[in-house]
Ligand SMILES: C[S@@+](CC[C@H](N)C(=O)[O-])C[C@H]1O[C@@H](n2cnc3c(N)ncnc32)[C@H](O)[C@@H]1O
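This document opens with one chain alone, in structure tokens, the form predicted alone.
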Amino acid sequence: MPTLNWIGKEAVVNHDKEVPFRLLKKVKSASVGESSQNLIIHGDNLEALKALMPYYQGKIKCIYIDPPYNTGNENWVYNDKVNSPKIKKWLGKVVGGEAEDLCRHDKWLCMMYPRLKLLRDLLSDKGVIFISIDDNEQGYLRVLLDDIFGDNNLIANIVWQKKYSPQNDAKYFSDMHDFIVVYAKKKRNGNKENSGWNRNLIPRSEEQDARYKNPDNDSRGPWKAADLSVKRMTAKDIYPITTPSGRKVLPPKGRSWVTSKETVEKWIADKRIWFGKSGENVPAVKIFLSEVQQGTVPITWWDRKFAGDNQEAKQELKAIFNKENLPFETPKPVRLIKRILQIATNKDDIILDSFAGAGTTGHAVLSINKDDSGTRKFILIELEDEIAKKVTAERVKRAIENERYNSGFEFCELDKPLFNEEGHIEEECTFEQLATYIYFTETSTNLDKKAIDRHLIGDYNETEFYLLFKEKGKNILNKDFLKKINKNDKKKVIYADKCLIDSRTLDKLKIQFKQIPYEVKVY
């Protein structure tokens, strides 16, 4: 398979493993409601994605991101060129001196690669990622995704009509569309429903259902007439059909009936053949609305009638904020994200957007939950200081108030790294945070917080994990603590500041002692 190379690639290919694990600090004053499972995180999305790993690895069903298109446009606040001071600082630190020589495509690829790797890790095996992009980076993005997700997991390259009116001042062509590139974490294996991502059907529209009528008041409900003949010459299926008025009808020249004479006679007896109100028409077969597929297969052309456009999105923002000038030239409409959610999610899934911007994804999740009584949860991540609280969170907050959504969100900031410069665990770290992190690094699975029983934090593959933490002078594995552990044959891993039990006793009890902080694995 062809691979993509660029200046700085070697520095970022494994950079996701070098990103420090940071704690999340909830900001109650900026949150809405109590104990919501929806999250809005302010901070660098690379560090935020790493912070989510112990809680959400393999749990995200759908990711939608609208990353910088890298067009070079620097005339607006929410800069879509990879040239912001924060990104430049990051590139200099990670890539080093080479960063000064990078072209804008190199910078974009360096920025995207480690983020896409973490996003893939967060996806469940039944998960899928949708990425909005335009021609500036679409080609590079496809090869990048082939490298990270595998070219065999490409689902589709959707074309979305983002504009209605052509730009008469366009230098060459008026740009009327964006792409939405879709990759699965793992494609479904044939007909095995639980083997990978499986798309939903698009709900039928009122316009589609309106094509079904019931002129004869059939008890089976609305139907539409379909041609009873087909474009093939099959001798046995060329025979006369007698109408209620006694007229004999043959299929049109060059065609035959769709099925045998015996089957048509059964359909006539079952009143599935329509001869028109007069009973004289060429026979047609009834297709009942109740019997057709209750949804339509998604297609790769999404026009503005189906998924909205940029102008619709601007009007949504204007209505919410009651002002014209917001730092988004090309926001995405709620309808676009809802279409993605209809195709990609079920009612209780988790949706992640790590380039949250105007907060459309959060708004769309709340809206579709109201439509179908769902309980989907969103996680939004936004880097820019002036955007995270004043636009992303404020937009979701106002949507909750204006549209009376029965929901809320926790607003979080990225706090200090779990380990400080001396390698010690930060004092702000809580027992639950460290327990979650340790369980994740030990098992590569997420901890069920409800399973924590004082010092016993979890049980995995016949091994119990214990943590003594946050009790000054008492974080010691001693004889008193041995009385508190479960009496069974399972192996036990116990994290504590120090151990006063001899190695022979530890071996006899199948206990492995790990000293904090030195033996807490850095993920």
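Throughout, we count residues from 1 along the sequence that is shown. Worth saying up front: this structure is predicted, and the values here are computed from it rather than measured.
Same protein, other form: the form predicted together with the ligand, not shown, and the subject of what follows.
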Exercise. Should residue 330 be counted as a contact of the ligand in the predicted complex, where contact means heavy atoms within 4.5 Å?
Worked result: yes
Exercise. Is there a non-hydrogen atom of residue 466 within 4.5 angstroms of a non-hydrogen atom of the ligand in the predicted complex?
Worked result: no
Exercise. Applying a 4.5 Å heavy atom distance criterion, does residue 358 contact the ligand in the predicted complex?
Worked result: yes
Exercise. Should residue 178 be classed as touching the ligand in the predicted complex when contacts are defined as heavy atoms within 4.5 Å?
Worked result: no
Exercise. Counting only heavy atoms and a 4.5 Å cutoff, which of 36-44, 53-61, 23-31, 457-465 contacts the ligand in the predicted complex?
Worked result: 36-44
For this session: Select from the listed residues 387, 352, 116, 182 the one whose heavy atoms reach within 4.5 Å of the ligand in the predicted complex.
Result: 387
Seminar exercise, completed: Of 383, 289, 144, 400, the only residue with a heavy atom within 4.5 Å of the ligand in the predicted complex is 383
